[in-house]
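Take a look at this single chain, the form predicted alone, given in structure tokens.
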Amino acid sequence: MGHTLQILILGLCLGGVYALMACGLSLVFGVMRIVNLAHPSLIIAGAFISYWCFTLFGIDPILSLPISAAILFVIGLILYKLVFEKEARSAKYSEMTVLLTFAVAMVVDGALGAMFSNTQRVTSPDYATDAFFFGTIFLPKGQLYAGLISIAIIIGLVAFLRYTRLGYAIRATSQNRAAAELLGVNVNFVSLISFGIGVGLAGAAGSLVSFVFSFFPAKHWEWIAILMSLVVLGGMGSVQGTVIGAFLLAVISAFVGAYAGATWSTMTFFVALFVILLVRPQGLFGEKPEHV
């Protein structure tokens, strides 16, 4: 019983981090139908910001989280204006964004590799290697703090989307872009801000990732399938579904890793992606497409 509870706790803590990592990806797809393959590479960029803030200035990665989020938010605005805005009304926009974001991922990967090399790094505040002990159960402080902060950020995101004027506009645009525009919503501005928020969330996730996982520039290739499996399982564009999918798969992978080995733990996400695409392509909370 104690062993099962231990695995469950570790899975839930990582589930919060995975949820934050995937939320920005889900938001961007929901509003603009951009399949952002560059999202994991931008998470790595956020991790490097916190790493160097800690290494050079001694700033705790939790305290540097707003810095990473703000820098990546601005980068997101610039990226959208330069790369994605021009063809936003194209009928083939989603297909085009796959190639565009793949190219962006390659550029970010190359730039980070040139600046910092592909050496494994990890931010190491004191709590990253410490834990709370409750009898035979231990709770890693780093994973706990990262999970709780991730949940707090997600709750803030949900509150923003539900209770602010801009949040209403974002949700309206995600549901029906043309109808939102007819009702007076500035969909170009909403798309710009939404993309910035999505990339800013990647920066915030990167700060937490920096002390939970080791990372290097090319690490994003390992994460893209994991994040896509979370988004697809929850339903493309559904932040709520993404969060639930993240916790579900994180717990399942934790049990698989404990009983079958670490290699099979990662395989859980790939199998889930394969199965959900076969059985329910719209995901748990996605809407089934209507056939004309």
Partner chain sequence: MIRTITLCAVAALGLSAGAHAADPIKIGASLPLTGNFSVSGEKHEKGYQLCVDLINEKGGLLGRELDLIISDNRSDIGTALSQYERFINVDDVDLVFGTFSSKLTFPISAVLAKNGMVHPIPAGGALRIYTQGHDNIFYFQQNAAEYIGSSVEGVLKNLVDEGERPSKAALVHADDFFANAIAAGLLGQKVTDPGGGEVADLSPGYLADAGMEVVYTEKWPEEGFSDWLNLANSIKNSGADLVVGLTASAEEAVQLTRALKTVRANPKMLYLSQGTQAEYLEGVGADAAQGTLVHTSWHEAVPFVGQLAGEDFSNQDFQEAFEAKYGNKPDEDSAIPFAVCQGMEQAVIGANSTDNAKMGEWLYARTKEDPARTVLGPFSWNDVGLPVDRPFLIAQWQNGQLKFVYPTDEFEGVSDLVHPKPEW
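From a predicted model like this one, the values you see are computed outputs, not experimental measurements. Residue numbers count along the first chain shown, from 1.
If you look for the form predicted in complex with its partner chain, you will not find it shown, but the lines that follow are about it.
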Close approach of Phe48 to its partner chain in the predicted complex, 4.5 Å, heavy atom: no
Phe211 within 4.5 Å of its partner chain in the predicted complex, heavy atoms: yes
Contact flag, Ile153 vs its partner chain in the predicted complex, heavy atom cut 4.5 Å: no
Non-hydrogen atom contact Ala19 with its partner chain in the predicted complex at 4.5 angstroms: no
Gln6, Ala128 and Ala131 all contacting its partner chain in the predicted complex, non-hydrogen atom within 4.5 Å: yes
Contact stretch among 183-191, 71-79, 216-224, 199-207 - heavy atom within 4.5 Å of its partner chain in the predicted complex: 216-224
Listed residue (Asn176, Thr164, Ser94, Gln120) with a non-hydrogen atom within 4.5 angstroms of its partner chain in the predicted complex: Gln120
